[in-house]
Each structure stands twice: as C-alpha cells, then as structure tokens.
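The chain below stands alone, shown as structure tokens; this is the form predicted on its own.
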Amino acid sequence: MQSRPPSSAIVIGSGIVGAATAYFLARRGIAVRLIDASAPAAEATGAADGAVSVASKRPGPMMAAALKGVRLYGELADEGLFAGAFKRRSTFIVAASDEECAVLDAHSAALAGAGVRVETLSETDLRRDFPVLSPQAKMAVEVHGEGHAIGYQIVHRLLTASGITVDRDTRVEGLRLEDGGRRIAGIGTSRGSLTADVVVIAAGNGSAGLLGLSGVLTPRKGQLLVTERAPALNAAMRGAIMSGRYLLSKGSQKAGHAPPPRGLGLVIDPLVTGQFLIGGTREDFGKRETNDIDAVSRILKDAVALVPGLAGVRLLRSFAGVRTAVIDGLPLVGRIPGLENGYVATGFEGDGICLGPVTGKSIVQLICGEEPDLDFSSFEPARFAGHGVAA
C-alpha cells in the first residue's frame, strides 16, 4: 500500500471500471493517463444491460458490494454527476414454476437478511397490481431501491467531469519491472513507453495477457435484445422484471456454482425511451460480434410468455458482448501480488455496471493508503498468487 498518494498514475482500460478509477484519481489532483486498445466503453461496458442492482447477487461479498454500489450511484446522481443518467426503479423477480418459487423464497430471505427492502407479491397480488404479467406468474418479490444506467453514458459523464482524454487505439504490450521485480517501472505500448508512480489494470479480457492469468480470467458472452417503443406497455411496467430462471442461470443461490456453458435467463427492463431491453445469455463460447437465432428466439419466447403484450412489439436489434469472468465467480480487485505499485480491477462479468464506480473509488482509496469503501478480502488477487506476472 502506498504510504502517501502518488503524483501520477496510468490506468489501462477505459470501460466503466477504468473510467471510474481515473475519475477518482483526478479528483485528488493525481495526473492520470487513461489508455485503451480501442475506445471508451467499446467492449463489455458498451454492451451491458445497465442493471444497477443487488436483486440477483449471491449472498455474501457480491451482495454486500452491490449494496454499496447502488448506494454510490444514488449519491452521485444526487450530487449531479449522474443526474438524468441513473434511473431509480424496483426490480421484480418473478417465479413461474415450483422450482423458481423455492429459489426465490430463499433468495428473498437472503436479501432481507442483508438489509435490502423486499416485498413478496402473491399470485393474487400480481393479478390485481401487475396485470401485464402472464397468468404463469405464481409469485414475485419486489426489490426496492434499484436502478438502471447505460454504461457508455456513465463513462462519458466520468471522463467529461474529470477532463481526461483517453489515449485510444493504444495497445499495452507489457509491464517493465524494476527493483528485482517488485515495482512497475513503466509500460510498453504500441506508441512508446510510459511511466507513472502507479499502474491500474482494468482492461477486462485484455487483463489476462498482461498478468499471465489466462487460466484464471475467461471470456463469457451475453446476448441482448432491444425493442421498438411501446409507451403504453412500458408505462404499465412498475420496474424491471427478472425471471426466477435468471437466478438459476447465475447460480445466485449456489455458492461456488458455475453457470452451464450456455445459461439462459430473462430480464425485461423498461427503458426511459419507451423501449424494452431484454436479455439474455451467459455463454462460455461464441464470437462477440454475433447473435444466433436459437438464443434470440428462446429469449423472445420466454419474454412473451411472461409479458404477453410484448408479442405485439417489434424487435429492433440484437447485440452481444463478451464480459470477463473469474474461475471462482468473484472479481479480482486489489494490489497485484509482489508488486508495490501495481493494482488490478477486473473480472466483474455481468456486474461491472453496478460495481464500476464504487470499485474505482475504492481502488483509489487503497492506492492512497486509506480504508476502501469496499471490503476487498474476498476479491484479493493474492488468492491466485501462484499464477501470473508476479508469481
């Protein structure tokens, strides 16, 4: 840990985590170089569903982190930084089978135990208060105090407020070490060498090559859909709808559970534009540029089964993105083992939008020798100390 704040920093990766880290560094007067192999929010951040949510998080460190992540979004919205870019709303987790009801009962109890305000809606309640839902819905849990944010808009806010210009199309080729491999002296890039007091790697899937963690970090694809505007149906949706199957696809109630090679869940989010964002998949294979008819048709079929009114709404586009996952299901956040001035924040998979700002703030607190807002003990890169650059 730094004994005093650094005067300069390099942040590799300008997705939401890197942009937030750069923003909070700049707020302290630290000179920042923000580098990206492509462009801001060009990868997972730009292809995310935008959920700022604790609803689907597994009990334990991820749920605790998400609670702090949602809270910070609210604070930054109230301060003006995220005003108009963060939409407050509830999430309704809907069960349509006995298996989903059992999972939802357990998950609701876990959320309540973590201090989340939840409300159970019976089948009768749903028929009366949420008529756009299908009769298949057996019960639902409303998770209060959630929100939605478009990733690239948040990145734009962070970069604009900090005055940082991203070094685009700059590929990082490696780290240069000194002091017997204990410090990062600088980085080599496709445009020359750069030096700074500290280096933060927040490069998503690009982090694996820089850290030698290809066996720890893995790409996981997700496919999403966007509909045309349907103002009346949109207005009748009291919040985002998440199927109980989504909990099963994420393994939210099974510690250490890894999703199947292709997990299918369902989230229907009414956007401020009057459109719907519908997702999605969790896949350990496939090209980021492509959607496939099997996934799209199954998502749409499930969406119409839960919200029949969507049958009359046209699909405008489908898109896919590749997130970075860690083999044990928890992100890598903290100091790189063996390096005094090297830090990493990656591996958030589908939780990067929710956790990006609070992670960036917490990493900067760690760099400056302060107690971070997030408890990093479960996310420490040292748990893979036998792997990678400082092994």
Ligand SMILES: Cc1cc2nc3c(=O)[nH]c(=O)nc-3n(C[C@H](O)[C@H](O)[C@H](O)COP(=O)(O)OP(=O)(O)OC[C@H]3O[C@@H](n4cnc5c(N)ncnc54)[C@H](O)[C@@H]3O)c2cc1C
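Numbers follow the displayed sequence, beginning with 1. No experiment lies behind these values; they were computed from the predicted model shown.
The next section is about a form of this same protein that is not shown, the form predicted in complex with the named molecule.
Q: Test of understanding: in the predicted bound form, would Ile353 fall inside 4.5 Å of the named molecule by heavy atoms?
A: Heavy-atom contact with the named molecule at 4.5 Å: present for Ile353.
Q: Are any of the heavy atoms in Val172 no more than 4.5 Å from a heavy atom of the named molecule in the predicted bound form?
A: Yes, Val172 sits close enough to the named molecule in the predicted bound form that at least one of its heavy atoms falls within 4.5 Å.
Q: Does the named molecule get within 4.5 angstroms of any non-hydrogen atom of Ala202 in the predicted bound form?
A: So Ala202 counts as contacting the named molecule.
Q: Could you tell me if Ser38 has a non-hydrogen atom within 4.5 Å of the named molecule in the predicted bound form?
A: Answer yes; at least one heavy atom of Ser38 falls within 4.5 Å of the named molecule in the predicted bound form.
Q: Pick from 326-334, 362-370, 22-30, 345-353: which stretch has non-hydrogen atoms within 4.5 Å of the named molecule in the predicted bound form?
A: Within 4.5 Å of the partner lies stretch 345-353.
Q: If you check Ile154, Leu210, Ile241, Leu72 against the named molecule in the predicted bound form, which one has a heavy atom within 4.5 Å?
A: Among Ile154, Leu210, Ile241, Leu72, a heavy atom within 4.5 Å of the named molecule in the predicted bound form occurs only for Leu210.
Q: Does the named molecule, in the predicted bound form, lie within 4.5 angstroms of each residue among Pro5, Gly186 and Asp197, using heavy atoms as the measure?
A: Negative, none of the three is within 4.5 Å.
Q: Which residues within 4-26 place at least one heavy atom within 4.5 Å of the named molecule in the predicted bound form?
A: Read in sequence order, the residues that approach the named molecule (within 4.5 Å, in the predicted bound form) are Ile12, Gly13, Ser14, Gly15, Ile16, Val17, Gly18.
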